[in-house]
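Just the one chain here, the form predicted on its own, laid out as structure tokens.
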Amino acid sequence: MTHTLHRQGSEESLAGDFTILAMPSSGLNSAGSLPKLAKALDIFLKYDPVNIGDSKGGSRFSLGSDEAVKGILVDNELVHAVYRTKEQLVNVLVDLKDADLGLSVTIGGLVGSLEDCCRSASVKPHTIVQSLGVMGKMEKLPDPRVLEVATMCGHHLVSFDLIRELARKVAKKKLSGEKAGKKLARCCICGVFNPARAAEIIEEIAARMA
């Protein structure tokens, strides 16, 4: 199970959204795992992610820099990154396989795309988990486009009201979509929020408001 599982959106939108996390197994190889996590993060950074983060300490946007993320890593944590293309993810998987760090790696995205990435990197998935979607009183949920942005933070730290407010500012030309995406990314502590994709969606929401 992973907090990146329930991202919503069209296939076209999700085709530019790939997540990855690496972690040790608590009690098995977690002691002394900091150098391995640091190496995994270095590999992530090598391929220009749109966001990175530590599961508890913060992200590129909440802490202010990649160096700050590196500085708060400790044993038995998770490191995250987000990419826009399959090619980036494939390169990361190849390097992680070569590094043989002994960490568990989870990737997220459209299943078909992830299968392509695994084949290209010559790795075999251990487990595949799929979201069954949302059930219940759907009428109580906000606009689907707002949900597309909010669900990129699996811990629900990006509020619906903030998304709407930033979209209004973009509609009034008081803020760019890019800056709105980065503002939202600051709320997601672990770093799996995709600010580039958020910017695109915010601009589309704003266009309807204008």
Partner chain sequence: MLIDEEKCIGCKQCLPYCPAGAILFHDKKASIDLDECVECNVCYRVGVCPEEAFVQQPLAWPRSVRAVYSDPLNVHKETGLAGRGTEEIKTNDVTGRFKSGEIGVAIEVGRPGIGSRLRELEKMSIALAGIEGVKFEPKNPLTGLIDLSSGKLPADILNEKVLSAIIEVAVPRALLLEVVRTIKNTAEAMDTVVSVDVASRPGKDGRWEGEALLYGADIYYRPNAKINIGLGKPLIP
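Residue numbers count along the first chain shown, from 1. In this text the structure is predicted, and so the values were computed from the model without any measurement.
The form predicted together with the partner chain exists for this protein as well; it is not shown, and the discussion that follows is about that form.
Novice: Mind checking whether each of A171, K179 and I205 has a heavy atom within 4.5 Å of the partner chain in the predicted bound form?
Specialist: Contact check failed for every one of A171, K179 and I205.
Novice: Look up in the predicted bound form whether L73 has a non-hydrogen atom within 4.5 angstroms of the partner chain, and give yes or no.
Specialist: Residue-level check for L73: no, no contact with the partner chain.
Novice: Can you tell me whether L157 touches the partner chain? I mean in the predicted bound form, with a 4.5 angstroms heavy atom cut-off.
Specialist: So L157 counts as contacting the partner chain.
Novice: Give a yes/no on whether S65 approaches the partner chain to within 4.5 Å in the predicted bound form, heavy atoms considered.
Specialist: Looking in the predicted bound form, residue contacts with the partner chain do not include S65, since no heavy atom lies within 4.5 Å.
Novice: Against the partner chain in the predicted bound form, would Q88 count as a contact residue? Criterion: heavy atoms within 4.5 Å.
Specialist: Looking in the predicted bound form, residue contacts with the partner chain do not include Q88, since no heavy atom lies within 4.5 Å.
Novice: Going through 30-57 from first to last, which residues have a non-hydrogen atom within 4.5 Å of the partner chain in the predicted bound form?
Specialist: The stretch touches the partner through S33, K36, S55, K56, G57.
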